[in-house]
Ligand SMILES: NC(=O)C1=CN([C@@H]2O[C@H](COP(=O)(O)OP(=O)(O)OC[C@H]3O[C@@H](n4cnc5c(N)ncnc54)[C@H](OP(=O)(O)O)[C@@H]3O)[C@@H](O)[C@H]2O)C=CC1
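Read the single chain below, which is given as structure tokens and is the form predicted alone.
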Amino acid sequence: MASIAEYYAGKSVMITGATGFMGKVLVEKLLRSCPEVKALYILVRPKAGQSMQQRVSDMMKCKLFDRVREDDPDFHQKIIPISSELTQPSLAISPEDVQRLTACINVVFHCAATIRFDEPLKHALQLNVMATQQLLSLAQQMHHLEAFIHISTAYANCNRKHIDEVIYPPPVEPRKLIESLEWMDESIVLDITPRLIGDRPNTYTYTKALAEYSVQQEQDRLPIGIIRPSIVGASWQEPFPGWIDNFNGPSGVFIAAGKGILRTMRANNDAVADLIPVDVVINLTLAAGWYTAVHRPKTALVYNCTTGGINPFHWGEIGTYSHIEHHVMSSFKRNPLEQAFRRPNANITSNYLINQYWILVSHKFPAFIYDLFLRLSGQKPQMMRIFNRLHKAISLLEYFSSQDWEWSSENMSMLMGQLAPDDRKTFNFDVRQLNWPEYIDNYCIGTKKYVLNEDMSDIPAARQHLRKLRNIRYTFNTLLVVFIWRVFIARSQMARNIWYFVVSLCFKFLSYFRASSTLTK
């Protein structure tokens, strides 16, 4: 049987969402580990001020492609951009391009989606459901299609505690919902959204569940596989450890904690933070494409791509938990971020009132003082605005950081068993081998190097800055204690008596110490 690299040799592959985080890693892995792949057709939309060609050119200059560049300097010739807009009828693909794609595509990887949790329902439906339906229609016209792999999310069915590798009945028939909302004004849709999404936390998980059902409806006509990753984080091993290019999900939390801005977060310390490295997801995706094409399963196979049930990492391991310095905080103290607002020190609590207290004391009060200083020095205040944005982002994560889910992973295990030993190494998605302290350390360094573009040679200066912040904190705390104590002494006879007793005790101790020293001499 052909290996994965041998299967993709000579194949034409179409990828949606190729300029996004996961899409870029998929493009890079295909080019590097399947060097004989014939062509990668990527659907790209022109962005404001940037042409389609410019966006692709910028993507290929990314550090992520350094290893591919070394092996094949002309790798960009295999990447063929196709102008497309997912919110438009027929995906806004020209008739000439439709003809081209239907004549040659062998494998489709559908990665494009909106991942914003607070996306308005109509827009989320357009991008996550209607675009998927139109892509499925296009796939049915492809004469040589061997696999259609859809990237979903492990949280599509987060209203259940135990999630099997099956497609669950949708909350509503997608086509009926789309027809119903078509004539409605945006304000009406906004009003009825909470009732529509029901026990799901946001429009993202709701529309991803509808998209899964839409994909399943075509399983008799198309060879389909569905990948359900949990919280996708930085790379574990490939193309190098810790690569990340965005503030989404845990990355933003880590950076805020490293900068000393995030000091408290509401989460269950014992709940599993189901992080999954992006290269694990991509390796599984490529293996699933191979398996779907070669074995032609009778029904669409679903792969729950998670770590919690196999090799768990807990939310409490981000900050200070049980007085032990855990992974993220200790990593940022060894390799600090530049110009931190305060020293890294995050308190993770599940108690609402305690969290509100720390928000007031450790977030809002320092932000107010700092903004006051900026105003007095003639600068524009900014910290309160930053903290408000942070609180909004953290509140969107609370649903996922305060509870646990169980995902079965039989199909993932089955697929691993189908791989030859060499493929198991080249396309490794065995999360049992994942060492969390090492991975989190690389993740934190990755946010510093690739998201914030900070130079590792500046670490000594960043450490010096942290020492300065520590000294400022000690000085402020000492002055605060002295001030409070002086207020008590001025108002309370008991406080004065205690103060005189402590001072006289210290004086007696010093007198005894002096006398002892004299006798010794």
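When you see a residue number, it is the position in the sequence shown, counting from 1. Because the structure is predicted, anything quoted here is derived from the model rather than measured.
Beyond the structure shown, there is the form predicted together with the named molecule, which is absent from this document and is the topic of what follows.
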task = Could you confirm whether Pro229 comes within 4.5 Å of the named molecule in the model of the complex, counting heavy atoms only?
result = yes
query = Does at least one non-hydrogen atom of Arg55 fall within 4.5 angstroms of the named molecule in the model of the complex?
reply = yes
task = Using the partner position in the model of the complex, report whether Lys448 sits within 4.5 Å of the named molecule, counting heavy atoms only.
result = no
Interface membership of Ile115, the named molecule in the model of the complex, 4.5 Å heavy atom rule = yes
ask   = Out of Asp404, Asp430, Glu173, Glu85, which one falls within 4.5 Å of the named molecule in the model of the complex, going by heavy atoms?
value = Glu85
task = Scan Leu210, Leu286, Met412, Cys111 and let me know which has any heavy atom within 4.5 Å of the named molecule in the model of the complex.
result = Cys111
remark   = Only one of 367-375, 335-343, 288-296, 200-208 has residues with a heavy atom within 4.5 Å of the named molecule in the model of the complex, and that stretch is 200-208
request  = Kindly indicate whether Ser33, Arg69 and Trp236 are, all three, within 4.5 angstroms of the named molecule in the model of the complex, using heavy atoms.
outcome  = no
inquiry  = Given a 4.5 Å distance limit between heavy atoms, list every residue of 43-66 close to the named molecule in the model of the complex, or none if there are none.
reply    = Arg45, Lys47, Arg55
